[in-house]
Ligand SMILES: Cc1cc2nc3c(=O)[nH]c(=O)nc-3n(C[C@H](O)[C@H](O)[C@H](O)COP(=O)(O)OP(=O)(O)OC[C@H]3O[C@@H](n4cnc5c(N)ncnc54)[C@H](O)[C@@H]3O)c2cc1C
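Just one chain is shown here, as structure tokens, and it is the form predicted on its own.
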């Protein structure tokens, strides 16, 4: 029977459509494509690391994005026992997670400020984290805890001497083996319990000295933790009740004797986002750990670490916002609608310019805190860090989810599809507002400062007032903010209003003092007196083209 053949002409009639007007996905150098990031790096003394950051930008805009997708599509799995029935309490990660961790650690994301005693080191490290978080936020969790743990462990010189060289090393070793066999280690945290949550003083986990009590001595710990982040870390900072009260401990995953510690994983959390990172519920069945600092001073011991992890929440949420803006700009600059590019449509311009301004505003605030960390020997900068970390975490982390949603809407239906990048960003966005103290906890932290450290508030207001006399709306808004602070009646109920005002005032002050005049002007004119309005409600188009061009994606791949 002769074979039927179809003519090319007939086959061409079977095609239902051409794929047109669908933007290309380009590989970007995330650092070279980000003008605001370069600006704030240079403004705060980080230009000495530009070559390093260009290399990181190339990785995170290309291979790092692909690794992040894989690490999130194949999340970690808990393995309780080996094939012979021995309890092993291990977590298996996709190789992409380990590659991301290896790249980050070898490039000193958890360690640069501790290794390089140079002006701008904290700023540079924050920029590196900012790039990493755009590829994968989950692996950013152990990087942050490893970085921040240094501040807590310094309270115990004996333990610090052994552990800090490994914590600050640029070597990553993801194998499940004793810490003393590794050149580099990572650190996790286990603080909150079922009955307490943010109220860690309600913790019931208890610790008893094995031989003698004291800083650096070994204790036996019994209890549970409702959340343990990165349970495959080599050591964990843990809060437990000792004889004199809540105390801080470093618990190794393997004991110095080469045995698995009595640290059992109950399960991994099934979370909304942060899929590449393992979060677990654990029990301590007589686990051994070293006391860090004094008994009963656990919160005081760990507060410096918490301040740094909260700072990283600011940077991380800023990075998620930048990534969402990046995708919105990439799409709208190539997509045609109603006779012209989306990015050229007046209403879309309003939305994109607003997003661009918001993105630079939170970046500026984050980099300003990093600059203060670089100058923490200065008392006023130390006070600035103390108060603005809480305010910044509250403000930025709350802005991120709605910001990402608006970027998703600017892309349209395809932005809602899982194969696009925006759904993962959107699911990721809430975690930083919850982790390391929810919004209310940050507000209450501000209240404690107001009541117990009034000089810190006075120092901040002095900095804010130094920018007066340039923009009328800033002057009016700052006066309004000062009046809010002066009213003590029912103050706890009004704390969110106060923090909202302070956040906007600090951002405006930072932009006026350090930023480009155009960005400062439009922020003062369009953002200070807006309360709850939608994105894309600028009243003037004066600086709209400038803002979009400043944040536009440059097609740079090298």
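Small disclaimer: the values here were computed from a predicted structure and weren't measured. Positions refer to the first chain, counted from 1.
FYI, the form predicted together with the ligand isn't displayed, but the following is about it.
Put simply, of 190, 319, 127, 404 only one has a heavy atom within 4.5 Å of the ligand in the model of the complex, and it is 190.
Just one of 178, 223, 439, 174 comes within 4.5 Å of the ligand in the model of the complex, counting any heavy atom, and that one is 439. Per the 4.5 Å heavy atom criterion, the ligand in the model of the complex is contacted by stretch 430 to 438, the sole one of 480 to 488, 430 to 438, 204 to 212, 324 to 332. Contact with the ligand in the model of the complex holds for all three of 197, 229 and 444, each having a heavy atom within 4.5 Å. In the model of the complex, residue 98 stays away from the ligand, with no heavy atom inside 4.5 Å. Within this chain, residue 271 lines the site of the ligand in the model of the complex, having a heavy atom no more than 4.5 Å away.
For residue 279, a non-hydrogen atom is located within 4.5 Å of the ligand in the model of the complex, even though that partner is not displayed.
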